Each structure stands twice: as C-alpha cells, then as structure tokens.
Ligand code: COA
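Just one chain is shown here, as structure tokens, and it is the form predicted on its own.
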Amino acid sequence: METRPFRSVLYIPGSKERALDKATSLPADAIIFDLEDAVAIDEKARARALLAETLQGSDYGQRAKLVRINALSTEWGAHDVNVIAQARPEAILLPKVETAADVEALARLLDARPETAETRIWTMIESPLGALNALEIGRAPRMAGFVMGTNDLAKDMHCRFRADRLPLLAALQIPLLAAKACGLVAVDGVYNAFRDVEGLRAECAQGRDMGFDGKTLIHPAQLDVANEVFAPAPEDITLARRQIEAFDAATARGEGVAVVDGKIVENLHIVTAKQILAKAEAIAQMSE
C-alpha cells in the first residue's frame, strides 16, 4: 500500500505563473501541473517551457508533482515530454489512455532519456474503453496511478450527473479494482461546484468509502475538505492502536484472535490498522 498521502490532488494550469508560484505554499498533497485542458492551443509551447523552468527552480516541498501532458496522438504530446524531461519530472500524467499500448508508447519515450529514468507514469481513466481496459493499463511499464476523469466519462456514457453518482459507479469501481490489484494509487474525479462545500464533502466521503486514495480538485478552496475527509479520523487511529495492542497480547498468549469492543480482531484487521497508522504518520510528516 502507498503510504504517501494523496488526499488532495490539485490541478494547476501550466501557463499561469502566479498560480505556479502560489502552489508552493498550498496544503495540497499532490499537484497536477496541467499542459492539456487548462492551456489554450496558442499557449502550449510557452506553457511547457515555463513549467520546465519553474519545476527546476521552485521548491514544492514534499508534494507529489505530476505533469499532465497532451496526448501523444496530438501534435504537442511528444514535445511536452522532450521539454519537461529537462526538469526530471517525478511523474507524467497521460490523458486519453484507452489501452496499455498508450502507456507503452510514453514509456519508450522516457526510456530514451537518461534524465527520466526514475519518472513514473500516471494515466487518466476518462473513457468507457479506458475504464474497461484498466487492468491491462495498470500492468503497463512505469505505471504508478490512475486519475479518474469523471466529466469525460459522464459525457461519453451519456449519463446524468446525480449527487449519488449511481450512473457512474461501475465506471469508477472497475478502474478502482484494477488499481488495487496492481498496487497503484487511485484518485477520484473532480467536483465541479467548487463553492458547494457540503456537496464536495459528501462526494469525498463517498470516494473515500469506495477506496479511493484522494480527490482531484479544481480550486484551492477545496483543499481543506479533501484533506480532512481522506485522512484517518482520530477515532480510527485510536481503534487501530487498540486493535494492534490487543492482538499482540493475544499472540503472546498463544491465541490467534483478539476481541476489541465485542468484535473479533484477526490478522487481516491488523494489516488495515497498521495501514491507518502509517497513513496518519505520513500526513503528520507532510504537515511538518
């Protein structure tokens, strides 16, 4: 399990110098520096050069740094890779991914450059075919995470937006299952109404309960809610510690299970408890 927190993953336009600077102080666990949808066509070349320079000269601390390039099928995608490679990116987020071959094409470009030897690949899952092929995509070279593109998914599925997201659940859960099977991070899609705090909180809670690691965000005002909802609650941390203590005591007595609050605690519960504590510790380190 990835213990590094990805509770809040904020999109930042790669063409906006002021936004790039502000992002160095925002309480985001991860930043997606966007060269795709957030950048106008006539700004693509300037944005990639600005972003490469910024990533080399700015300190984003422990925040995970992902660069969303344009699709390799466009005239800008390969140029994005060549320029951004100078900044030795931590990860490249590839949009419009529908098969493992899309990832393999990017992996070959990265393999050809020594400065990107450690660069990982994340993919947008934003089409019905991409969702259905999520397992083979997750097994592709350099893969590290999925980002759900729920707006595009809804568009292609011709489904309605509902607060409970029932029409989208299968399209969310299939890639989520694939991510868990492949040991990848999985981040939920954006919530468009960035001023609707309670709506955001409800959708974050749904994503957390499904098993997503965090939420992609379109505005800094959404950061606090995502950070709160996707962090282990104090009562969960307390229970995890009690479960581990009780199980250790039971093991010392030669017993295979323990009982906490009238419920059986087995080894599988201890695995989850340790994951909760590791995540809480990682969040605490980020806060420092």
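Numbering starts at 1 and follows the sequence shown. Computed from a prediction, not measured in an experiment: that's the story for all the values here.
Omitted from view is the form predicted together with this ligand, to which the following refers.
Engineer: Can you confirm whether Ile121, Arg142 and Phe146, the three residues that make up this candidate site, all sit within 4.5 Å of this ligand in the predicted bound form, judged by heavy atoms?
Structural biologist: The answer is no: none of the three residues contacts the partner (heavy atom, 4.5 Å cut-off).
Engineer: Answer yes if any heavy atom of Ala273 is within 4.5 Å of a heavy atom of this ligand in the predicted bound form; otherwise answer no.
Structural biologist: No - in the predicted bound form, heavy atoms of Ala273 and this ligand never come within 4.5 Å of each other.
Engineer: Just to confirm, Asp29 within 4.5 Å of this ligand in the predicted bound form by heavy atoms?
Structural biologist: So Asp29 does not count as contacting this ligand.
Engineer: Just to confirm, Val190 within 4.5 Å of this ligand in the predicted bound form by heavy atoms?
Structural biologist: Yes - in the predicted bound form, heavy atoms of Val190 and this ligand come within 4.5 Å of each other.
Engineer: Give a yes or no for Arg48: in the predicted bound form, does one of its heavy atoms lie within 4.5 Å of a heavy atom belonging to this ligand?
Structural biologist: Arg48: no contact with this ligand in the predicted bound form.
Engineer: Tell me, please, which stretch of 232-240, 253-261, 34-42, 53-61 lies within 4.5 angstroms of this ligand in the predicted bound form when heavy atoms are compared?
Structural biologist: One stretch meets the cut-off, namely 34-42.
Engineer: Could you pull out the residues of 13-37 that have any heavy atom within 4.5 Å of this ligand in the predicted bound form?
Structural biologist: Sequence-ordered list: Pro13, Lys16, Arg18, Ala19, Lys22, Leu26, Asp34.
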